[in-house]
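Just the one chain here, laid out as C-alpha cells, in the form predicted on its own.
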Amino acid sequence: MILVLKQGVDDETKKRIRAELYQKGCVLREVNGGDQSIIVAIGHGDLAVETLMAMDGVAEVIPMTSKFKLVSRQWHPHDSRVQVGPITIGGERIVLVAGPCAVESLDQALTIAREVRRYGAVLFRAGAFKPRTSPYSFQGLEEEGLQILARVREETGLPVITEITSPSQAALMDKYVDMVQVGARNMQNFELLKCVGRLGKPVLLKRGLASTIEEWLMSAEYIMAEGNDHVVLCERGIRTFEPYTRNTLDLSAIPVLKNLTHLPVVVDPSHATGIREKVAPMARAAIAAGADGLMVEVHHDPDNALSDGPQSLYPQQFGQLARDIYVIAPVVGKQLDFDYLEKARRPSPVQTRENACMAAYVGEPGGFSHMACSQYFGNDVQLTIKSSFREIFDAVAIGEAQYGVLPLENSLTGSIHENYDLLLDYDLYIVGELYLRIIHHLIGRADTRMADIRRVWSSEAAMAQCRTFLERHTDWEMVPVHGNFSAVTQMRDHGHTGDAAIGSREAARHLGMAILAESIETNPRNFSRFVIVGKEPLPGRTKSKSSIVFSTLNQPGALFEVMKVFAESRINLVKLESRPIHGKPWQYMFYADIEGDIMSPEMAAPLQIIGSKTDFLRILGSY
C-alpha cells in the first residue's frame, strides 16, 4: 500500500505510523516531498485500506496492484539512476560497459581496459568467478582475479563489475569491486539475491535463461526488499528454439520494462548472439529501443581467450560500435559522451569567483538548452540562466560560470551567426560539443482530450516546426509565447479547459503536465549542435575534432591554397562557413571544423603551412 500522509504531519506521528507498520511485518520505504510524505508498506499483515486509513496522520491510501512493489512505477514514477563510482546508469547518457568475459591475467585485463576506455567505455566488466556448463572449463582466477580488477580500477579509473556466484563471496566483493553482477543462472537464487541486497553495492541483475519479465522483476524485488535500491536490469537474451544464435535477444523487453519499472535497463548483445558479427547490429538496435547502456565483451586476442572468444569484439570493432551509438543516441533523446569518465573523475576547476556555477545557458529549466546542459554535465551541477548569448560569454570570461553552453547550428535552420561572431570576440575555447534532437510534444492537463482542445500556447519557432500537425487543426487558436518552457508554464498557470501547449518532454515532467501527442514536429531530422566553451582547453582527454577560424589574403586562389593543404595532409574538413569581417566590407572570416586534434604533433606541419597562407589564424578549440 501507498500511504500519503497529511500535510505538515509531525515526526512523532510518522514514527508511530512506521512502528505500527513494522509490527505488522511490513517492508517500508519513505519519500519526503516538502510538507507531505509518502510511505510504501509491503507485507502480509493487516493492510486493509480501512485499517490504514484509521491511522492518525494518514490522508490517503492507494493500493498497489502489481506483484512487484518497490520495482514498480506505481511507487516510483520517475526513472531511477544508479551510481557506480562516479558513473550514473540511467538518465540522458548512454553507458558503455566493456571488457573480457573473464580475467585471465593482469596484462590481459589492463591491455583491454586501456583500449575500451580509449573508445568510450566507462565501466569495466570481467569475471573472476566463472559459472561454466562444464566442470572442466576455466572457472576463473577467483580472489586473484578480484585483485587484478582492483588494480585495473586504480590504473585506468574505470569502476569494475564482476559476477558473484555464492553468498560466501560477499566479503570479497565488498572489498574489491564497485558493482556486483547476478548472472542469468543465478537470477532465481533467492538466497544470493537477499545477500546482494544486504551487501548494499550496486547490482547488475541479468535475466534468466528462460525467465519471464515478471519473474525477472520479482527477482529485483528480492534485492530491493533487503534495502538495496541500486539495481540495474540487464537483458542478455533468452533460450528459444532458434539455433542460429546462442540466445534470442528480446528487444521488446526494453519498452515493456520502461513502462513497468523505474529501474535502468542495459543490454548484453554479446551473450545474446554469441557471434561477433551479430553483436554490433543488436547493440545499435538496443539503443534505438531505449536501453540506458550496453554491456559488450571485448578481447584483444579473442582466438586465445579462455572464455567466450567467438562473441568478443576486437577493440577497434568496439570503437566503431561506440561511434555508431554516438550517432544513434540523439535520435532517442540521449547522448554518448566520450569524455564522461574524465569529466566525472576530474575535480572541479579552480574557481576564479566565489560560488561560481558549473555552466550558464540561455533559456528556461526544461528548455532545450537546459536539456543540453543536463546531458553534458549531468543533473547534479549548479547552472545559471542568462538572458543573452553575450552574457554567457561574459559569465565565463569573468569566472561567474566555469562553462557556457551555446547552440551553434541547427540541421534545419542553419548556423546561429551571433555565436560564431562571439567566439571571435572572446578569448574562450570550445572544449566540447553535443547534438540534441529537437522533439516537440503537445502538452496539457492529464484530463484534457484532443477533441476538447481549442487553444494552443507556443513559441513562434515551435509553431513553424510543427506546421503540418497544426494545419490539421485549423480551428485551434494559437497563442504566441517567448520560449517553449514558458508556453507550458503559462498554459498551466493561466490557461482554461481546452488549452494545450507545445513544449519538450522535460517541460511536461518538470511542470507535472501530460503529453497529449508525441513528436508533432514536421521534420524528425531536427537536431541542434551545442558547443561548450571555457577559459582553458581541457587537458588529458582524447580529442577527435577541432575548430579554427582564419582569413585569407585578398588575392585569387587564396582560399584554394588553404584547402589544398587540408587535402594534401589528408585532413578531413567537415564544415566550412564564411562570415563577413566587421568594418571590412566584402572581406570574410572562414570558420572550419576538422576531424582530429589540431594541437597534436602530426598536425604541427600542416598548421604551420596554413598559417603562412592566411593573414589571420586562430584555434577555437580541440575537443
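Don't overthink the numbering: it's just position in the shown sequence, from 1. Quick caveat, the model's predicted, so the values are computed rather than measured.
One more form of this protein, predicted together with ligand PEP, exists but is not displayed; see below.
Contact check at 4.5 Å (heavy atoms) against ligand PEP in the predicted bound form: all three of R125, Q181 and R185 pass. The stretch that touches ligand PEP in the predicted bound form, counting heavy atoms within 4.5 Å, is 293-301, out of 457-465, 71-79, 293-301, 390-398. A single residue from the set E163, E104, E221, E92 has any heavy atom within 4.5 angstroms of ligand PEP in the predicted bound form; that residue is E163. For the residues H370, K334, H441, H271, the 4.5 Å heavy atom test against ligand PEP in the predicted bound form is passed only by H271. Heavy atoms closer than or equal to 4.5 Å to ligand PEP in the predicted bound form belong, across 207-239, to one residue only: R236.
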